[in-house]
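Next up: a single chain in structure tokens, the form predicted on its own.
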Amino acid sequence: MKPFTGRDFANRGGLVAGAGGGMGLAIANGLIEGGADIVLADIKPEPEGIAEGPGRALYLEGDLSDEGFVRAAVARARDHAGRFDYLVNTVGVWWGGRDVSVVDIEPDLWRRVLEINLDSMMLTARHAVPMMRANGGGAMVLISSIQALRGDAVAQDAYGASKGAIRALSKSLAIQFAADNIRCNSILPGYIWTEMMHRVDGEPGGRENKQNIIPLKRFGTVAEIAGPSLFLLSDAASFITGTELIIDGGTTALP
């Protein structure tokens, strides 16, 4: 088995859902720079900074909790590359202040968070798996969260429930489709500096207080999610499936 170099994706293709910025864009760029032909999809407009090659990029704007859009995006990804090898799904929302305890949360908000965070995972896998079977296998990476492993003193119950379900779904997909040479793993990020984390600037103590609870004393970067994601997609990880990788600067190792 050759070592992973980050340049092992030539003549392959797939879909990165939630690629309008942050982790999704960083992972998509790594695949493109490794030679893969990738469809990037998000509800957001096309971002600046999409890698220029050597792989080819195609951006689609739409709602990844809508099955019609997902079906079309997966088909476009297959047509774009001539095959379908990789699914990455980073889609997720955190609506603090409204995403509260189940005792108080508005049921419509609960349902919408689960539609975006969880249904998008189900729908992309639902349509990607047959494409992967057609070319003899593939690999998936689903982005969960360390909230899948713990509760929180400040309740965010819809977000936490959705992220726990993603972790479980990833394991189920890994077992179901192992015989088809389709692997699935999840990544559980901790405090990664993305647009979602900008909320801490409005909290007492802001970034400093949040960073002080991380053993490495800093936020993670999207590159520190992209690198491990690319490894899990690569042939160097061909015996890794059904697991989760915690990337949190040591946060969940604390007592």
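Just so we're clear, the structure is a prediction, and the values are computed from it rather than from any experiment. A residue's number is simply how far along the shown sequence it sits, counting from 1.
Unshown form predicted in complex with a small molecule; subsequent notes refer to it.
Distance criterion of 4.5 Å from any heavy atom to the small molecule in the predicted bound form singles out Ile192 from the list Ile192, Ala226, Ile32, Val39.
Only one of the listed residues (Lys163, Arg183, His127, Arg78) places a non-hydrogen atom within 4.5 angstroms of the small molecule in the predicted bound form, and that residue is Lys163. The small molecule in the predicted bound form is not approached by Gly68, whose heavy atoms all lie more than 4.5 angstroms from it. Of the heavy atoms in Ile43, some are within 4.5 Å of the small molecule in the predicted bound form.
For Ile143, a non-hydrogen atom is located within 4.5 Å of the small molecule in the predicted bound form, even though that partner is not displayed. Taking the partner from elsewhere, Leu118 is found to have every heavy atom lying beyond 4.5 Å of the small molecule in the predicted bound form. Stretch-level contact check against the small molecule in the predicted bound form with heavy atoms at 4.5 Å: of 150-158, 173-181, 88-96, 127-135, the positive one is 88-96.
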